[in-house]
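Take a look at this single chain, the form predicted on its own, given in structure tokens.
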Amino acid sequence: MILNSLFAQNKKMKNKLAFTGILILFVIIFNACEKFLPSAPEADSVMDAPIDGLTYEQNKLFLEGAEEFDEVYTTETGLGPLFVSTSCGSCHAGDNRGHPFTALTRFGQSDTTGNKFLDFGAPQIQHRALPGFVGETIPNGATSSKFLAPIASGVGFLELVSDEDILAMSDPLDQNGDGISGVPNWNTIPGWVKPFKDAKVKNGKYICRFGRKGATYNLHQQVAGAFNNDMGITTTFLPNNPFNYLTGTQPAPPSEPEITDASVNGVVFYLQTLQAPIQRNMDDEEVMKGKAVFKSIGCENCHKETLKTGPSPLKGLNQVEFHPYTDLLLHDMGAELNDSYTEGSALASEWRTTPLWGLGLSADAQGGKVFLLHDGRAHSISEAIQYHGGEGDKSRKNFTDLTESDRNALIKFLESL
């Protein structure tokens, strides 16, 4: 009995030691393999992660929206017959800014009296076409401008800045004498777009905030418009295909919307819940010096560092401060940036202040080079600053007068965003 007991205990000990040995061996092999596996990118180097605090169901909806955002559409799934691109992601690579190759062409409005070329396919050119159709060209006499896709990350935060806060940053008469007189773009909105709670209204027009001219009201309007104008895909909101007025090739209207409301809303939710771009190296002495220079030469007068969201049912968006470096207002940028084209109440030389967050990651999405400003004409941060005329002229001169050390620090700060 004693021998049997000792034998049993010895067997258990051997089994335990064997199991422990296998476990140790597994850990060693796993750690060895891990060295050869690619590591996950740092959070501050990507733009396609969700905000914090989403529930399981909300994360699921986020992923579904992300899949729709990157879906490459075909004839069978609703593409065309006239279009610019085949997916949202092709213009917003990595949810970052676009490239001149995927630029949109808008045309037909040279002043605030409205677009005169709506009967000729305005406001956007769909230059690509399916077989049997002809892509559009700019009609004679129409002014036009190239627009690069803006950064998609963080737009859910921008959507929730209150009209009251936007108006508080506006100074149309330049009463503080700083040479800056930003104004909102007051524009009409389609009947299917639901105004924000406590929205400000003036002569039937609303404060808009999206797009290079700030002429689009909210992300719902932005997404439905992109499906229709950029990809030729119909929805219940915009049920007709774009067509070439100059050739008269009107396509037959689809019997039903080519994508569902759920698909549209999924992309809207995805954009609303994308994380904001995260600054890198913010504690670096040179970066901190550059930030001080940024403020001292007047850049922060338009590129406001900190804004705040209003109420939201999503914890990660509810009344939080964030740092986009924009005031969401229109500013007159002078003759050099006047394309003789505009939208809504903006003048042709007025542009919405572009958020600077994500600026330092632009080259990652643009093929290793940067293409800045609304049409990508600037190939460096310094060159983009040198195009700042009008209300930006004073800051441009201050930048030119900086010492080389201060200028380098400023650029390093901007590259950290």
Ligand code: HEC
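The structure presented is a predicted model; accordingly, all values stated were derived computationally and were not measured. Sequential numbering from 1, following the sequence displayed.
Below: the form predicted in complex with this ligand, not depicted.
Student: Within 4.5 Å of this ligand in the predicted bound form: all of 267, 271 and 353, by heavy atom?
Tutor: Yes: each residue has a heavy atom within 4.5 Å of the partner.
Student: With the cut-off set at 4.5 Å between non-hydrogen atoms, does residue 159 touch this ligand in the predicted bound form?
Tutor: Result no; residue 159 lies far from this ligand in the predicted bound form.
Student: Please run the contact check for residue 211 against this ligand in the predicted bound form: heavy atoms, 4.5 angstroms, yes or no?
Tutor: Yes, residue 211 lies within 4.5 Å of this ligand in the predicted bound form.
Student: Is it the case that residue 230, even though its partner is missing from this view, gets within 4.5 Å of this ligand in the predicted bound form, heavy atoms only?
Tutor: Contact check for residue 230: yes, within 4.5 Å of this ligand in the predicted bound form.
Student: Within 4.5 Å, heavy atoms only: does residue 343 come near this ligand in the predicted bound form?
Tutor: The answer is yes: residue 343 has a heavy atom within 4.5 Å of this ligand.
Student: Ok, 307, 166, 297, 317: which has a heavy atom sitting within 4.5 Å of this ligand in the predicted bound form?
Tutor: Checked against the cut-off, the match is 297.
Student: By the heavy atom within 4.5 Å rule, which residue out of 82, 155, 142, 183 makes contact with this ligand in the predicted bound form?
Tutor: When this ligand is considered in the predicted bound form, the option within 4.5 Å is 155.
Student: Based on heavy atom distances of 4.5 Å or less, which listed stretch (194-202, 166-174, 83-91, 278-286) is in contact with this ligand in the predicted bound form?
Tutor: That would be 83-91.
Student: With the partner left out here, which residues of 114-149 have a non-hydrogen atom within 4.5 Å of this ligand in the predicted bound form?
Tutor: Contacts from 114-149: 147, 148, 149.
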